[in-house]
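First structure 1, then structure 2: two forms of the same chain, each alone, as structure tokens.
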Structure 1
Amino acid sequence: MNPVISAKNVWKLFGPDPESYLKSMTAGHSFDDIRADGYIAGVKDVSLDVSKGEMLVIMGLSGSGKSTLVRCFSRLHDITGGKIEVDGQDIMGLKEVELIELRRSKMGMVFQSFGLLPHRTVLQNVAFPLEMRGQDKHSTRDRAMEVVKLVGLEGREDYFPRELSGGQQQRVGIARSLAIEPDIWFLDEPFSALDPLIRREMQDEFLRLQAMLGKTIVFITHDFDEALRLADRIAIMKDGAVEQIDTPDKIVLNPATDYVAKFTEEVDKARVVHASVLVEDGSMGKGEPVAADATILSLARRLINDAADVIPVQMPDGNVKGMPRQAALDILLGEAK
């Protein structure tokens, strides 16, 4: 299947004359070398694909270029080098009208700092993208009301942004990005200002929507738990470059670099790793097979009580394979020193 978003060697440099600098730059310049020349590498040679219906989570320290990368995908930034295709179209080659059309019909974005229009009420803010594409008043209002309800702001639709709390404002931003039912959805720390309860609720709502509508989502967060709950794949960024892009299990089990290893150090691996990842060819083991998508943590009781060396796992393709108990226990309890 063709990827929805495909990035090839994407560069985004900030500075006085980034294009010619990039052309003249020798290969292998590091982030610090570039900075010494007076440029900031917001995005540094990033290649990745996001396929249809996938949820890609981008993580990384503050200033690592997450927002910049997403801005490149939506062409809020013109990239300095490389190529980005959305639905097979090179977005740098789009004319202004085509770009506007693309955003009006396909893209939604939630901004890290909300970006609400201060002079519009909640409802008017949510209706804004619909209004811009010239939808008729009646259906605009109905649709806006619908998403306002969805994010739990019913009853506050006539408030102005400055009359709302940070979390409420953030939900307005989410509602606005949902109004046009985008196929591709960019979310820049969309839940950062929400309290844990609502956050959880929104995540559930999110997963539900995702299962139902199958949107393609690029999601930025600082919260690993959130990433684990939501992600199909996680990309970890540092100094503008993607250090590793992989499924959560692989990232915690096989960190590609020291940086990624450090990044995932604090994560409780038993909650991340699924049984299916640990299976090996050979012995299938005995007894009732466990589900492939069960986390090691959820299998803790079985792992401790069952004395067999190999535990059977029911794989999605119908086969049953074996998981070495010792490997699973190592993950659960930490490796013996």
Structure 2
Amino acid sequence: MNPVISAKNVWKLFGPDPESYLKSMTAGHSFDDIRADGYIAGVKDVSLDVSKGEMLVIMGLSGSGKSTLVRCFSRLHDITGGKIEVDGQDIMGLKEVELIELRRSKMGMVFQSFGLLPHRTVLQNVAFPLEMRGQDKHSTRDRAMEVVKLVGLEGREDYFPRELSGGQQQRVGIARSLAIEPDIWFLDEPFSALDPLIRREMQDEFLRLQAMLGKTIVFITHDFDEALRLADRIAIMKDGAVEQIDTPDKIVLNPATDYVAKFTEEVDKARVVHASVLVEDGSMGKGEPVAADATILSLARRLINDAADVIPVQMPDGNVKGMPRQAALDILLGEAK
């Protein structure tokens, strides 16, 4: 299956003449070398694909390039070099009118700042992008009300933003982006302004919506716990480059660089790692198979009480494979010294 978003060797340089500089730049130039030459590498030679229905979480510290990269995906920034395709279209080759139509018809965006119109009600805020698209009033209201219900704000459709909590305002922003039924959803730290309890509730709501809608999502965060909770895959960025892109399990178990390892060192691996990651071909083990998506923590009692060397795991394709019990115990209890 072809990726929905495909980035190949993408650069975004900021400076006086970035295109000429990139062409003349020698291989192996570091982020600091580029900065010494008077340029900033917002995105540095990034290649990645995003599959249909996937939730890719891009994370990193402030200034790592995560927001710049997502703005390149939607061509809010023109890239300096490389290629970005959305559904097979080279977005740098699109005319302005074609780019506007792509954003209107296929892309939804939610940012940290809610950006609600204070003089409009919840329903009117949600309806706004449909009005801009020229949709008739009746179908606009019906669709707006549909997504208001979807995000749990039914009964508050006539409230103004000032009458809502922060979490409710963020729900309005999410509903507004969903109103146009986007295939691709970009979310730039949408929950970071919320207090921890509301943030957790919004993550739950977001996971519920994704389970229902199956959107292709690129989600930006600087919070590793949030990334672990939401992501199908995580891309960790530093100085404009992707340090590692993989599933949460594999990043936690096998950090590719010292920088990535710093993100993972405080993580309770037993809460993150799933049985399927530890299976080995060959022996299937004995007894009732455990689910492939079961975390090692959820299997703690069986791992401790079951003396078998191999625990059977029911894989998504129906096959049963064996998980070495000792490997799982090492994650649960820590490796013996």
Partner chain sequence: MTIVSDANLAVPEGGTPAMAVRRKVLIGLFGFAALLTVLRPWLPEALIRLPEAMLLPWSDWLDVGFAWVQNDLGLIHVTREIASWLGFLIDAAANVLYGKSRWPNFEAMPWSVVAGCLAVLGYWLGGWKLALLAGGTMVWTALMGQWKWAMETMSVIVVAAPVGFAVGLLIGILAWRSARFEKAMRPVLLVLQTLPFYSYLLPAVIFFKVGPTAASVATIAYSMPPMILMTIVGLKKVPPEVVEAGKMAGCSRWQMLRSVYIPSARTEILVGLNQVIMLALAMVVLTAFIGMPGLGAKLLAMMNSFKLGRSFEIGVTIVLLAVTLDRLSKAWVVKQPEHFEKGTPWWQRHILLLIGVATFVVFMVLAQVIPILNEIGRRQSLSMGSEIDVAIKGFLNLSWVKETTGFIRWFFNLWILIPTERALLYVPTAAVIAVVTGFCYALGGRRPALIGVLFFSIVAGFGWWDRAMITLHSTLTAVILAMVFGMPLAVWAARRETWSARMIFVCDTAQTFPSFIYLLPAIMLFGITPFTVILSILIYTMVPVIRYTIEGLRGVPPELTEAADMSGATRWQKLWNVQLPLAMPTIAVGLNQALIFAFFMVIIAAFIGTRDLGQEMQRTLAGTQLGKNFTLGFSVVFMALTFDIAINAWAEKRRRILGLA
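Sequence positions of structure 1, starting at 1, serve as the residue numbers. Just so we're on the same page, rigid core means the largest C-alpha set that superposes within 1.5 Å between forms. From a predicted model like this one, the values you see are computed outputs, not experimental measurements.
The form predicted together with the partner chain corresponds to structure 1, not structure 2. Core-superposed comparison between structure 1 and structure 2: the Cα of Thr216 travels less than 2 Å. Ile100 is not among the residues whose C-alpha shifts by 2 Å or more between structure 1 and structure 2 once the rigid core is aligned; its shift stays under 2 Å. Core-superposed comparison between structure 1 and structure 2: CA of Ala144 displaced by 2 Å or more. For Asp195, the Cα shift between structure 1 and structure 2 is 3.2 Å when the rigid core is held fixed in the overlay.
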